[in-house]
Structure formats: C-alpha cells, structure tokens
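Take a look at this single chain in structure tokens; it is the form predicted alone.
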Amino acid sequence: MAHLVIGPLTRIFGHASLRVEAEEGISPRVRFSAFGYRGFEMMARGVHVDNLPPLVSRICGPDSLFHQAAACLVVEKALGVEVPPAARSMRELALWAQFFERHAVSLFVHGLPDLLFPSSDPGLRNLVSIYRVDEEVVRRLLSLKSLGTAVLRETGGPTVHGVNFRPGGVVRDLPVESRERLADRLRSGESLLLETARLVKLLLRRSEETVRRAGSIGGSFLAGHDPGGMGITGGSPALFTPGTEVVEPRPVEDLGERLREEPSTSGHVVYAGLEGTEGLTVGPLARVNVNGRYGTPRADEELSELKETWGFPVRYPMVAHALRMLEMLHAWERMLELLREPFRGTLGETLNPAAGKAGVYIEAPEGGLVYGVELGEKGLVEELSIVSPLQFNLRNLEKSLAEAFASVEKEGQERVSDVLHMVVRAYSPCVPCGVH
C-alpha cells in the first residue's frame, strides 16, 4: 500500500480527512488534513472588549462557552479586574454543564458505536443502528446528555452561543427555585450515570486488543494543575513527563514565551507545542495524568479501578473514552456542589476600558485553550491569539495514527480505515476550533 486518502472522516466535530504515505522500507506517515479560514484573530481587531466574547463564541458551537470564558478571563487579566465570587461560580456552573454535554455527544454519538460493534460493517456502526437494536438504550443515553443541557439552558441562556458571560462578570443570577429544580434533575440521573460509567469501562476491557493496536502516547502531558483535583479555570498549566527523574508536574509559568507554532503541509491546522518538549498531549489523558485524581468522591472511586486496569500514567488514546465518562461524573458532582452554594455578592461591574496585555490558559473539554490579547487605550482589541486543543494534540494524533496504521497495514484497506477512524474519535478533535 503506497498512498491512501481516508475521508471524509465520520463521527467527529467538523470536516477532515487522513492522508497516508507508506512506502517499502520507510516508516509510514499519516497526516490529519482539515481546511478552514483562521480569520477570527483578524476579525477581532478593533472590536470593543464587550463584544469579544460573543464574537469568539462563533468559532465553535460545542465549545462556545469555553471561548467566551477565555475571552472574558483574558480581558479581565489585561485590565486588572477582579470578578466577584458569585459570578465566578455562575460561570463555572455553566462551563461544567457544557463540558458534560459536549462529552456526552463525543462519547455516546461518536465513540460508543466503536466500542459496541468494533468488528461490524462501518455503515452499521452508528447511533441509529444502536437505536434499531435497542431503542431504550439510546433513550437513556440521550437522557443523560439532557442533564447538562438543562443546566446550560438556565445558566448560559441559549444552549449554543450563550449570552450570560461578559467581561467583569455575568449578566444574570440563577434564582433559588431554579437551583433546587436543577439539583433534583441532576440527582435523578445518578444511577444511570454510574451504570453507564461502568458499561464504558467494561466495553473497553472487552476491546483490549483494539485499544492496544490503536497505539499509545509518548512525550509530555499539559493540563491545568490544582492540588484539589481537576478544575476548568482554576489552577496553573503544568507539564508531566513520565519516565524522567521528575515525578511531579512542573508548573509552566512562562507558557506564552514557550509556545511555538508551525504550519502543517497537509491542512490549515497549525501545530502547537512548547519549546523544550516533544509530543505534547492535552485533554482527558493529560488532565488525569497531571492531577492524578478528579477531586470528587464518585469520580475518584471509578478512576481507581480504571488505573488498575490500564496502568498509570494512562497512555492509550482509546482509554480517553472512559476518561470522558469519568469527567462527566466529576462534572455532575461539581454541578451539584455549585448549585448548593449560596451565590452571594454582586455579579460584576461595568468595566473601564484601558490599554493592557495578557494571556490565559483554561481547560476546554478536549484540552488546553490559550488566549492572548493586546488592548488599546479605549478597550479595543489590537491583537488576539488563540491556540486550541487540536493544535496541541496534532503531532501525537498523527503519531498514534501512524502506529495504528503499521499494526493493521496488512489487513486490507477497509480494516485500516476502520482502525484509523477509531483513533481519531478517541482524540475527539474539534476541527472548527483547530482551523480558526
């Protein structure tokens, strides 16, 4: 097999394809190819800070609130604004809700058919086929997704491109009766959530051969590090490099200075990494490897069993499916904790625009999202830079694809396409975020 194009890739966020280059005596190369105009950094120039969050929200629907949150945080940091605790809690609640919902789609719609029917016809390996076999299973899975949607609708406004985030705080609070109603709704899904988490882990164990043939990840892991467990906007970015004399995550205090970007020759996604590291990974594997735990009881209990099965640090991309499920469980626990909080204090004041410069790192569902901004005297954006999770993961994604290709090359084109699709879905790349 010399050259092969696999595409369009199915069951991912966005449009992309793979280009395989394999010749006798040469290590195979697989390139992730996606195209789109990286125009938001240009469109943001001259925009007032109040209009930046709704603008960048349009980069991506599934991750829209995370772009809004990053935009708000970077503006606040540039202007030296302290956000009231009530507004921080409100933002975090909304972010966990979108985190939960996004993972539910990635896992149930994109990844689960690969785990349930790993050897079936690709045309039958989808949620519709699962529905035809067992309608109730699909209804229960989508009812789990709706838990995040319900909280998101109340805290962010619309479920896509919310309107409640603004620089300096949020627009409105969540009434006590709404909090109680949402908490009851979340608690109603507890047994199904735990049952589904155990099912996903069982399916991964059943597909152990596929998991191992889909490759493993080397290099360093980058994620927000918080001694209290996994957070979204809390903690500082830290690097964990297994197999070295350094056994603890190392803070990356000079993230902006060490960031390096390099164009891809096969698409518009720009490689991103940190000077002094090779094969950087962000996302569910990075978060669990950097932090070692989630920080909520049920998620940590399920994580202990997963570590026993797959080892620690976790290096198999396919295990990210189970980690997404555990992060959903952690998000569920955090949402209940936040709904119990008395949201005291103001929701934020109107900003006094001024010149400033800053950068921030936050955890989006599939990994680190970096924003940098330079503001002029009147609070107008002069420069905006965005680095997305797919950009960080792109090198390791392509290495995993090449490793997986080498393991199944002799089994025919259909099997090659099958396994490479599975690897891509395990990384769950968000193409719109990556090309903009």
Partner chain sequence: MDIALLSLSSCLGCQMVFLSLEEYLYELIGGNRVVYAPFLMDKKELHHADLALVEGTVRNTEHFLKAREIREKADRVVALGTCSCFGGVQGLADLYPESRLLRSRFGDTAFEGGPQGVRRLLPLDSFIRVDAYLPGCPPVPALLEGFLRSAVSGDRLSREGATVCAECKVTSPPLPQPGPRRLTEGSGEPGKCLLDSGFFCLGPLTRDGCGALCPSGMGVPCRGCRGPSGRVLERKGADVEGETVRRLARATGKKEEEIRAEVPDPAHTYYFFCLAEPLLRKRRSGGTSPYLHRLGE
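Treat the numbers as computed from the prediction; the structure is a model and nothing was measured. Positions refer to the first chain, counted from 1.
Heads up, the form predicted in complex with its partner chain isn't pictured, but that's what we're talking about next.
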Checklist entry - When you measure heavy atoms, are G224, K357 and I362 every one within 4.5 angstroms of its partner chain in the predicted complex? => result no
Next on the checklist: With the partner left out here, check for me: in the predicted complex, does some heavy atom of E209 sit within 4.5 Å of its partner chain?
Outcome noted: no
Next on the checklist: Although the partner isn't part of this model, could you tell me whether E101 comes within 4.5 Å of its partner chain in the predicted complex, counting any heavy atom of the residue?
Outcome noted: yes
Checklist entry - According to a 4.5 angstroms non-hydrogen atom cut-off, is T155 in contact with its partner chain in the predicted complex? => result yes
Checklist entry - Should M42 be classed as touching its partner chain in the predicted complex when contacts are defined as heavy atoms within 4.5 Å? => result yes
Next on the checklist: Taking 4.5 angstroms as the heavy atom distance cut-off, pick the stretch from 405 to 413, 45 to 53, 365 to 373, 392 to 400 that is near its partner chain in the predicted complex.
Outcome noted: 45 to 53
Checklist entry - Among the candidate residues G276, G123, P297, P175, which is the single one with a non-hydrogen atom no more than 4.5 Å from its partner chain in the predicted complex? => result G123
Checklist entry - From the list T265, S188, S119, S304, which entry has a heavy atom within 4.5 Å of its partner chain in the predicted complex? => result T265
Checklist entry - Mind listing which residues of 417 to 436 have a heavy atom within 4.5 Å of its partner chain in the predicted complex? => result H421, R425, P432, H436
